[in-house]
Structures are given as structure tokens and as C-alpha cells.
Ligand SMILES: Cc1ncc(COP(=O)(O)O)c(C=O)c1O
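This document starts with one chain, in the form predicted on its own, laid out as C-alpha cells.
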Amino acid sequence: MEDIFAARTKRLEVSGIRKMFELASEDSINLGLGELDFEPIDEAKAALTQAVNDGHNGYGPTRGLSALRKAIAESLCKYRTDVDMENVMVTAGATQGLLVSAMTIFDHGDEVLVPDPGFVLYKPHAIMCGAFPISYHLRQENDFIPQTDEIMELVTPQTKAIIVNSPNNPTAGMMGKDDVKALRDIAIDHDLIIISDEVYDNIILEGEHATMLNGDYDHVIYINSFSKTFAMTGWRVGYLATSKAMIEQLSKIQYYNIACPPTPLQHATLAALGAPDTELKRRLALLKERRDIIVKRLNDIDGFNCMKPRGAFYAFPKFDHDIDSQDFAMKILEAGVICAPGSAFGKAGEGHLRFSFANSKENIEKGMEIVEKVAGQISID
């Protein structure tokens, strides 16, 4: 039976995060979420119903609705003023935008630099295109920021692209303007494409977001989503922005991949973009409170060391216990709390656990009590 499957399928593994969710009981405290525990704002929900009732249920343009692309371009002017709708393509979430970018850029035999630990899609997308993912490391002692010296050593004549993610999932590391410029300079010097995953750009808890978008368009594909900002994970609407020449090529792959993004959901997203940001600010303030609780509780656990996240909604503590992260996460799961083993995000994630604070303060407190109890039963090196 195995002979019927493509080689790319055999090279892929089931996500370690997915395994944890499938084993969890229904009453587990979920601190493994990659999505906020909020609902889409009322303006978006009303607009979705209206769009369906008004008959906006057919195919739309491959690149997305013009009104939405224009609104996205206007929202990106905070990063660079020359963005217009021709630089934007709407996608079925950032996931599909990342895949379309990979299929447009990566050829068989290319090397692609990917963060380790990093989001679970980057390596598989390279593999699916016949390319080779080459890891660069994100370490807590460097605030989980890419180190340019290491990246320079990894670049070879076969290197085609580098994938970056800031704020980062799972580490919550957040690059500054100097870090962004250094990576951009390497890309320009070596003619590399930067695929920049910035889906958490509006989930900033401290400081300011530094974007790759304000650099050379010819070297950057900027990826974003409405899933995190507007709590629309199941709606699957995202977008990318890049040069007009690159959009021409990306849209060809887009057509043969999904034909077009979902029409009624684009109308709803347009309404969300035009709504007041009062609710978003309230949610950010709540996330800060949750972050402060979980970081303090984790750092109070003997053998844990947790950096304070400045963006996204993940804590990624390092632990000194004599156990690997998969087994540690499993013991915590058996005690009633879902978290993700650091190894699910790459070899460099070993020795870490990822906890999401996209849950209530009450559940975070209860969950941390359980984690502390489990950790106390395991010896420390």
C-alpha cells in the first residue's frame, strides 16, 4: 500500500501538537491553543450574515475582492506608503498564503532557511515542493532572535529563500528594526527571497512591531491573516503583499490551488477592517494581564525559566527537569492540562514547553497549579 503514496507524503510527519489534542480529554484545561478564546467582532458577524443573504455566495476574483484588497493596502500604509491594491492578494488564511508562496518560489533541490523552533508548517511546505529546509536556531539567551552570523554560515549557492516569523510562534521572540535590516541586507546581498510571516503584528504587548514589508519589495513576500487579530481562525481569510511582478506569479498558483478565496467571508472581513478598534484594544489589555500571570507562575516553578513575551500569546519556558519535552507534555496532559512540547517545533525546541495564554485567568491559574505539581514530581538535573 505504501508504494502508492508520493515520496513527499512519506517525508512528512503528523504534527506533535495535533497528537496532544487528539489524546486530550474533553475536560482538560487547554493551554495549547493557537487561537484566541474570543469571538469575531459583532460587525464582522453581522456582515457575514448580510453577505450571504444578499447573494454574495459565488466565485470571486482569484486575487480577492477589490474592495478588500484596497482596504488591506490602506491598512499597510502604516508600514510603507506606496502599497496599493495591486500589491495585495487575499488568501484562504495565512496557511494557504504560505503554501502558495512556497509553490511559487521553491524548486526541487533548493535550500530554504527556516526557524528552529518554528511554526510547524515551514519545513513541510519546503518538503512538499521538493526543497530542503535548513534550520537556523532561535535561542532563549538571544531572546529568540535570529543571529545573522549563523544565517550567513548557512547560506550556500543553493539557498533560495529564508522564512522569518516575528512575533514568533512558539517562542514569542520579536525582532527589532536592526534585526530586520540585518536579515534584509543578507537577503539582498545573496539574492534571497524573504517570506515574512507576520500574523501576530497586531498582538503586540510591549514595544513596536518591526516589519519586513518596508524594505525591498523584490525580496519580500509579506504574509498576514485576520485569524489572530479578529479571532477568525475558522473563517480562513488571510493575505500577502509583495511586488506587482511577484503577485502576477503568485496569483497563477493561487488559481490552480483554490481558484479564489471565500466570497462571503471576504465581505465580513472588510467590515471588520472598517470597525472601531475599541474591542481589539480591550482584548490586548486582557492578554497582557494573562501574560503577566502565566509568566510569573512559570518562573515560580523550580527549574523553569520563562522569558516575558512582548508579542503573540505564547509562553515558551525552558526547563531543567530530567525528561524530554514530549514526555513532560504528556505527563501534564495526563494531569489535565494541554500544552505543546517544544520538540514539536523543531529539535532546538527540546527542553521547552509552549503554553498559550489564550484562556481565562482562572483557567491559567488552575493550569499552572497542575503544571507546578507535575514538575515537582520530576527530578531536576
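One rule holds for the numbers: they count along the sequence shown, beginning at 1. As the structure is a computational prediction, the values presented were derived from the model and not from experiment.
Same protein, other form: the form predicted in complex with the ligand, not shown, and the subject of what follows.
Participant: Is T263 a contact residue for the ligand in the predicted bound form, using a 4.5 Å heavy atom cut-off?
Facilitator: No, no contact at 4.5 Å.
Participant: Can you tell me if R236 lies within 4.5 angstroms of the ligand in the predicted bound form, counting non-hydrogen atoms only?
Facilitator: Contact check for R236: yes, within 4.5 Å of the ligand in the predicted bound form.
Participant: Consider Y314 of the chain shown here, and say whether it contacts the ligand in the predicted bound form, taking contact as heavy atoms within 4.5 Å.
Facilitator: Residue-level check for Y314: yes, a contact with the ligand.
Participant: Quick check on G34: any heavy atom within 4.5 Å of the ligand in the predicted bound form?
Facilitator: Answer yes; at least one heavy atom of G34 falls within 4.5 Å of the ligand in the predicted bound form.
Participant: If you check S225, T269, S101, T242 against the ligand in the predicted bound form, which one has a heavy atom within 4.5 Å?
Facilitator: Contact check passes for S225.
Participant: If you check Y136, F106, F304, Y122 against the ligand in the predicted bound form, which one has a heavy atom within 4.5 Å?
Facilitator: None of the others qualify; the residue that does is Y122.
Participant: For the chain seen here without its partner, which of 140 to 148, 286 to 294, 153 to 161, 86 to 94 has a heavy atom within 4.5 Å of the ligand in the predicted bound form?
Facilitator: Among the listed stretches, the partner-contacting one is 86 to 94.
Participant: From first to last in sequence, which residues of 157 to 179 have any non-hydrogen atom within 4.5 angstroms of the ligand in the predicted bound form?
Facilitator: Contacts from 157 to 179: N165, N169.
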